[in-house]
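In the block that follows, a single chain appears as structure tokens, in the form predicted alone.
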């Protein structure tokens, strides 16, 4: 099961966070700081899977953004690694070459995309067209 999903820039600023288990607000900040520090300090040659406390971290870097997913011991790391890639491809398709600014100014849309892909910590959809269908409907309603 996925415990949390973070999107962070190289300066360590969280751009997106979604938790699938209850974590108190003050503990979230500490958790995010530790997780970000452990992922940002690794070189590109090192593995993208990190053992951290009672769960594993799967992360991937895209330009200036890191996507970090915390999973429990039962989740498949490769599947989550591919989920991260699929998530970025969906963002690219919707935003036409997604950037950090797209994420910052369209955070509601990014959350909708993530919610279409992951429900209660379980991967439920990977088809790009089905993931983006609700957003295209929202865009049509906003236009007309």
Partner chain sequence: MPAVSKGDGMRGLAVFISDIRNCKSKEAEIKRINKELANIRSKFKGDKALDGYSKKKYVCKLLFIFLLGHDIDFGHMEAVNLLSSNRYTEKQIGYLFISVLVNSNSELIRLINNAIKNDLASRNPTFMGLALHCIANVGSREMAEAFAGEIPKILVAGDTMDSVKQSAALCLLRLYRTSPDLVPMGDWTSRVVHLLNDQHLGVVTAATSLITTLAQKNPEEFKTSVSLAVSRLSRIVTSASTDLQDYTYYFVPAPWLSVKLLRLLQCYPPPEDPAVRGRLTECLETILNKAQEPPKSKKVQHSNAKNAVLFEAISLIIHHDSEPNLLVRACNQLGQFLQHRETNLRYLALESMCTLASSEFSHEAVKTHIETVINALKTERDVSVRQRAVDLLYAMCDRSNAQQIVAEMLNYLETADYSIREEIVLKVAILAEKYAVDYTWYVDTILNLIRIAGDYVSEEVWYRVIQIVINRDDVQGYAAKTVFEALQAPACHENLVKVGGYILGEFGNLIAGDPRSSPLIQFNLLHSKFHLCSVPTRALLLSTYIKFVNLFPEIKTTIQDVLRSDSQLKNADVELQQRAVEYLRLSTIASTDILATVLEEMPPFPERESSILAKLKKKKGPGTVTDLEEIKKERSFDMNGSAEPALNATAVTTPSPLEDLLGLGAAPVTNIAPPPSFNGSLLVDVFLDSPSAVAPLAPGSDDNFASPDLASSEVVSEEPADTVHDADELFHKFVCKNNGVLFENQLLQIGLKSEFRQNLGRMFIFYGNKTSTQFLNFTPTVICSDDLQSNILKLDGGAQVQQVVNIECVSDFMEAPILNIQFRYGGTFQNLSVKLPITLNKFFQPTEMSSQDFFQRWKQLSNPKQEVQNIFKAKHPMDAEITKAKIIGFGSALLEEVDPNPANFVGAGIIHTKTTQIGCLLRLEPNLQAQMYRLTLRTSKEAVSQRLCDLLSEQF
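Residue numbers count along the first chain shown, from 1. The structure presented is a predicted model; accordingly, all values stated were derived computationally and were not measured.
The form predicted in complex with its partner chain is left out here; the points below concern that form.
Asker: So, in the predicted complex, is residue 128 in contact with its partner chain at a 4.5 angstroms heavy atom limit?
Answerer: Residue-level check for residue 128: yes, a contact with its partner chain.
Asker: Do residue 37 and its partner chain come within 4.5 Å of each other in the predicted complex, heavy atoms counted?
Answerer: Residue 37: no contact with its partner chain in the predicted complex.
Asker: State yes or no: in the predicted complex, is some non-hydrogen atom of residue 61 no more than 4.5 angstroms from a non-hydrogen atom of its partner chain?
Answerer: No, residue 61 stays farther than 4.5 Å from its partner chain in the predicted complex.
Asker: Determine whether any heavy atom of residue 66 comes within 4.5 Å of a heavy atom of its partner chain in the predicted complex, and answer yes or no.
Answerer: Because no heavy atom of residue 66 falls inside 4.5 Å of its partner chain in the predicted complex, the answer is no.
Asker: Though the partner is not shown here, which residues of 61 to 80 have a heavy atom within 4.5 Å of its partner chain in the predicted complex?
Answerer: Counting only heavy atoms within 4.5 Å of its partner chain in the predicted complex, the contacting residues of 61 to 80 are 73, 74, 75, 76, 77, 78, 79.
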